[in-house]
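Shown next as structure tokens: one chain only, the form predicted alone.
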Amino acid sequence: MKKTLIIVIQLFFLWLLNELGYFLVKALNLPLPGNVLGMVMLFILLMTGVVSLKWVEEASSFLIKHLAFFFIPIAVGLMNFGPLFLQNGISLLLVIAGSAAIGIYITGAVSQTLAEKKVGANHDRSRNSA
């Protein structure tokens, strides 16, 4: 019961940030989605320590655990675009595959660079302590 209450409170906090993002986008006429601004605000609050990770950790874990359910409306919505996929399916497939490949390549390159820097920093630290 206590864990459920914590998740509900944390979900309410995340929802408030989301709604604040939508409000700011509309009030300031910003050219980005409100939910993206809400996520950026959450990231900044977490990075600055204003919001502790434990304040959103339970709800975030819950949402990630049930992430597949959020794709059901999207998949159902895609069924309305059947004629578009039949007409331009190959082009769409190429664009999706290409963008996924580029995203995977860049993510891998950044991860390897950061891992090499971390290994180098640990190696320098151990050399200086010896």
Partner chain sequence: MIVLVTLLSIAITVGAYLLSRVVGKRYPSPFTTPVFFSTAIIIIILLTFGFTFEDYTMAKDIMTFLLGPATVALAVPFYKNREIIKKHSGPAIVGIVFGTISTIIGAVLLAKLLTLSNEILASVSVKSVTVPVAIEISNIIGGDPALTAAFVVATGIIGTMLGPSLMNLTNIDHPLSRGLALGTISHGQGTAQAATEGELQGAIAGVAMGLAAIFTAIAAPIIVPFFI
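Keep in mind that what you see is a predicted model, and the values were worked out from it rather than measured. Residue numbers count along the first chain shown, from 1. Between two forms, the rigid core is defined as the largest C-alpha subset superposing within 1.5 Å.
Keep in mind that the form predicted together with the partner chain is not shown, yet the notes after this line are about it.
**Student:** Consider residue 92 of the chain shown here, and say whether it contacts the partner chain in the predicted bound form, taking contact as heavy atoms within 4.5 Å.
**Tutor:** Residue-level check for residue 92: yes, a contact with the partner chain.
**Student:** Contact with the partner chain in the predicted bound form for residue 27, defined as at least one heavy atom pair within 4.5 Å: yes or no?
**Tutor:** It does not: once the partner chain is placed as it appears in the predicted bound form, residue 27 has no heavy atom within 4.5 Å of it.
**Student:** Is there a heavy atom of residue 64 lying 4.5 Å or less from a heavy atom of the partner chain in the predicted bound form?
**Tutor:** Answer yes; at least one heavy atom of residue 64 falls within 4.5 Å of the partner chain in the predicted bound form.
**Student:** My question is simply whether residue 23 lines the interface with the partner chain in the predicted bound form - judged by any non-hydrogen atom within 4.5 Å.
**Tutor:** No.
**Student:** Residue by residue through 90 to 107, which ones have a non-hydrogen atom no more than 4.5 angstroms from the partner chain in the predicted bound form?
**Tutor:** Residues within 4.5 Å: 91, 92, 93, 94, 95, 96, 97, 98, 99, 100, 101, 102, 103, 104, 105, 106, 107.
**Student:** Superposing on the rigid core, is the Cα displacement of residue 110 between the shown form and the other one 2 Å or more?
**Tutor:** Yes.
**Student:** Just checking, between the shown form and the other one and with the core aligned, does residue 74 shift 2 Å or more at the CA?
**Tutor:** The answer is yes, as the C-alpha of residue 74 shifts between the shown form and the other one by 2 Å or more after core alignment.
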